[in-house]
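One chain comes next, on its own, written out as structure tokens in the form predicted on its own.
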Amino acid sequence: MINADIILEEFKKNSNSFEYSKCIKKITFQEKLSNENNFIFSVPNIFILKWINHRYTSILGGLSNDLKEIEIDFLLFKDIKDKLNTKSKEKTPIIIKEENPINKKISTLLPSNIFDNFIVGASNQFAYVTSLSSAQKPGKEFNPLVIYGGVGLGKTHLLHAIGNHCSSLDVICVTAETFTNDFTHALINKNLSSFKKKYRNCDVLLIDDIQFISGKFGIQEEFFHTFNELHSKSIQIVLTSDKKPNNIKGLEDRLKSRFEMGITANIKQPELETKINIIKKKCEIDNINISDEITIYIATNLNSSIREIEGVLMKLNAYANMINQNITLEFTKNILKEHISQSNNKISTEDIINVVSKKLNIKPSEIKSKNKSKKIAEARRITIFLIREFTKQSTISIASFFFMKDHSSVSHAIRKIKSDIKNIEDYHKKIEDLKSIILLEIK
């Protein structure tokens, strides 16, 4: 049985220490206003409300099968008194509602996930074009469409963008886990006819994280027949996965074959320019004011998960508003030092040498040698600078690695790169590009 304590515990499990102390701990269950069909929680300010809307709707959505017809509302503290006095229905809610029986079709599309605010770059252009075409001409060109790639790169955004574009049609957009739960519920209640009516009579079927059904051969059997029936009627099918269908272990060959009938589109980790554009677009949408310098700092120092970038921007903005602080570069560095430290722990000295040597067309052994030619000496200085940036090794340790006389040689190399960044046009971009490549290739 779902109750308020379970929901609050779910929040806690899915939050870090900062989120818990600054946001989750401040959520209060309003027992007097709640009933068995409607849980009401209060929060102290609009920033926490926005944070919940951004970060935790998906967490509550994961509970939706148990919540059944329960509504969950989040209100500002200042609205609670009015509600108690007037029973007003005016509020700023997040509502998660999942109804049974299975044949009830509840929209799960996120309205903010549309094509217009999806940032297109070299890493995702093909996935974007095929998704847009599938939305404009469902069932005509790319059917099925399978979008695959790592976590937090925009697969779900494109899936929901297709659904929102086709909103005039009968669209079903669910996770593979929800499909599985619906099928299990139908079996237990001997109601397979309702399950088939729901999933085989739509105009567009969108399934997120299809890899979830790997190893579940009863579910795969049902999905195989559902797929065949829809495809035979030219119903658009779009699936997302964390890897290419042929590489999903535990997935039957006949399903792999069906998925490969249409088109597969890979979303790769975004390049630096795309990350910068994503940050700028997100700041525009959420009215977050940061400088270009901070934008570049975030883009080059975080890994390439769009989801993490969005979370970091939300964290920066919320924290700045809570303490009435402008978002400066120093403020950003302090807030993000935990993220960047965790991100950089995976990078080794050899990794950096390999990236620099490849980018500057120099052998790794030459960077570590005592060759003093201009090109190799510069590459060595850049490498030392990046080792210090990413690994935080001591100057003594770096000097020992490069067989230098003492740590002062390392300090001199770092000062020279900092001077070149300041005084040579486009040198800053050269260093930032190398940073981005290190983050993309190593992580």
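Just so you know, these numbers come straight off a predicted model, no measurement behind them. The first residue of the shown sequence is 1; numbering continues from there.
This next part talks about the form predicted together with ligand ADP, which is not shown.
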> Heavy atom within 4.5 Å of ligand ADP in the predicted complex: which of L75, I352, I306, A299?
Replying inline: I306
> Which residue, N117, N321, N191, T295, has a heavy atom that falls within 4.5 Å of ligand ADP in the predicted complex?
Replying inline: N117
>> With a cut-off of 4.5 Å between heavy atoms, is E141 one of the residues that contacts ligand ADP in the predicted complex?
In response: no
>> My question is simply whether K282 lines the interface with ligand ADP in the predicted complex - judged by any non-hydrogen atom within 4.5 Å.
In response: yes
> Does T328 reach ligand ADP in the predicted complex, with heavy atoms at most 4.5 Å apart?
Replying inline: no
>> Considering non-hydrogen atoms and a 4.5 Å limit, does ligand ADP approach N124 in the predicted complex?
In response: yes
>> Just to confirm the contact call: exactly one of 177 to 185, 195 to 203, 150 to 158, 214 to 222 touches ligand ADP in the predicted complex at a 4.5 Å heavy atom cutoff, so which is it?
In response: 150 to 158
>> At 4.5 Å by heavy atoms, is each residue in L145, S232 and E260 next to ligand ADP in the predicted complex?
In response: no
> Since the partner is left out here, which residues of 188 to 223 would have a heavy atom within 4.5 Å of ligand ADP in the predicted complex?
Replying inline: none
